[in-house]
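Take a look at this single chain in structure tokens; it is the form predicted alone.
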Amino acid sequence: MRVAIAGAGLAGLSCAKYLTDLGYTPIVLESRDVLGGLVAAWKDKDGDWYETGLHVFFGAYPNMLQLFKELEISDRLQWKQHTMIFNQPEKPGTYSRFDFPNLPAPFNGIAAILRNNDMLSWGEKIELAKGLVPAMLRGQKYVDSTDRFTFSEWLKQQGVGDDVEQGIFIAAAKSLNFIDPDEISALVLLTALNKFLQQKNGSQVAFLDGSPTERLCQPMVDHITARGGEVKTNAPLKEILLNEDGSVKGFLIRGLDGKSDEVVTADLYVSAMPVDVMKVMLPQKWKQNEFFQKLDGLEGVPVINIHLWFDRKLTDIDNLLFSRSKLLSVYADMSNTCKEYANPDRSMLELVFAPAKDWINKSEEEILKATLVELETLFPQHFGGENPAKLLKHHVVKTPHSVYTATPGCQKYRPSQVTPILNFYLAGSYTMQPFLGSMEGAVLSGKLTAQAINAQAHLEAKTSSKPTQTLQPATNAATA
């Protein structure tokens, strides 16, 4: 059975990978000339990589880790020391660490919090425990109920003070959804905390040993094509063509470079496009359907990723860092964390600029200038004095619509992978699955879509194999 999939991000490639494992023949159609969607990466004229975002992998990503195992590329994950490192704005150039000891969860997380004495006072530790421990004990059903609150509102209800919110959770909120605690749904942070703290290595991070496009996406493509599937780049979806009954007739692909448009037909169709693109491509006939109308409640969050190459080493830390600055979210020195980007003499910082809604339309020069001001606080020893660090080059990557903006109430708008259209499915981290808008969520959504397609096919096969029954006229009693 042939399945056409629009979008070669993690959701689309994951869906195609698992479909091939089930014996289907997928054809993946990507609008751009690069794989990966929100994890895409490019090489510049010097041969250096720059990426759509700073991509880190967590121990609490079971579906992603299983995918690496199935592709036999687990050795490409470079696991870092199990610690969380925060900059201290009040003490420029210094760090505060939460080191997780080799203990079962959640005791390793509790120990990490208790042993940190320069970021949290004992009173704040007690406040934090009073808020988080009940949420962990009450389970996911309780966590799901908190979607009506912002995380700031939820913290106040638990009696957690502003200092704890400012110290820890602004950084956490921006790293998870690129917005602040007074905007993000409490559901997002509590879900993440539950998964991270209830698994021994849940919050431990790994970096890929190279670009996501080559080191993760390409192995999926190789897996798909080796089993008869196809992956086509430069194949932008122009229109979803419909039959008279509203089902999908085909994907109309826009011809590039003077080529004619092409219609791709299949037995089944999947949109693995971002929700904002899906809303634009939605056929007029489907817009009257309540299932698709709910998509209007979802919108991608703007985010900016910045790459800075310097003439010297700014730090030797080989891990993810939380900046705690007003403009920056998380960052890493990729010359330390990534094998392919390694450089013993010079730093390449990759930083997430968030929240970005007030900056997404500003010039690269304005964004770069603001970032360098922040770096003076993060690395004062390298930007003060008579011999400041020299910026050799930079790349600014803007994504106006990244993962869906997880504000309170968004859960009710997230669709299932199965749609009311019998031969059309959805994949993407915005669809309903427990890992929210993340790489793990994208991979899981693709797997769930493949499973839904297979389940429906088996159901139809089972139904069609039954003897045909003649329908009897309904009685008056039955129709009353």
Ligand SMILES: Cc1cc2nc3c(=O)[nH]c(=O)nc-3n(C[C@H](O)[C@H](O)[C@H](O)COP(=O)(O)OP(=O)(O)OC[C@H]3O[C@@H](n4cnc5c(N)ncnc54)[C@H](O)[C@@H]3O)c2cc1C
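Keep in mind that what you see is a predicted model, and the values were worked out from it rather than measured. Numbering starts at 1 and follows the sequence shown.
One more form of this protein, predicted in complex with the named molecule, exists but is not displayed; see below.
A.B. asks: Which one, 414-422, 42-50, 65-73, 440-448, holds residues whose non-hydrogen atoms are within 4.5 Å of the named molecule in the model of the complex?
C.D. replies: In short, 440-448.
A.B. asks: Does the named molecule come within 4.5 Å of any heavy atom of Ile453 in the model of the complex?
C.D. replies: It does not: once the named molecule is placed as it appears in the model of the complex, Ile453 has no heavy atom within 4.5 Å of it.
A.B. asks: According to a 4.5 angstroms non-hydrogen atom cut-off, is Ala60 in contact with the named molecule in the model of the complex?
C.D. replies: Ala60 lies outside the contact set for the named molecule.
A.B. asks: Counting only non-hydrogen atoms and a 4.5 angstroms cut-off, does Leu426 reach the named molecule in the model of the complex?
C.D. replies: Because no heavy atom of Leu426 falls inside 4.5 Å of the named molecule in the model of the complex, the answer is no.
A.B. asks: Gly297 near the named molecule in the model of the complex, any heavy atom under 4.5 Å?
C.D. replies: Gly297: no, not in contact with the named molecule in the model of the complex.
A.B. asks: Taking Arg32, Met281 and Val403 together, does each of them reach the named molecule in the model of the complex with some heavy atom inside 4.5 Å?
C.D. replies: Affirmative, all three are within 4.5 Å.
A.B. asks: Could you check which residue among Pro355, Pro408, Pro219, Pro274 gets a heavy atom within 4.5 Å of the named molecule in the model of the complex?
C.D. replies: In short, Pro274.
A.B. asks: Please identify the residue among Pro236, Gly250, Pro388, Gly246 with any heavy atom within 4.5 Å of the named molecule in the model of the complex.
C.D. replies: By the 4.5 Å criterion, the partner-contacting residue is Pro236.
A.B. asks: With the partner left out here, which residues of 161-181 have a non-hydrogen atom within 4.5 Å of the named molecule in the model of the complex?
C.D. replies: Read in sequence order, the lone residue that approaches the named molecule (within 4.5 Å, in the model of the complex) is Phe178.
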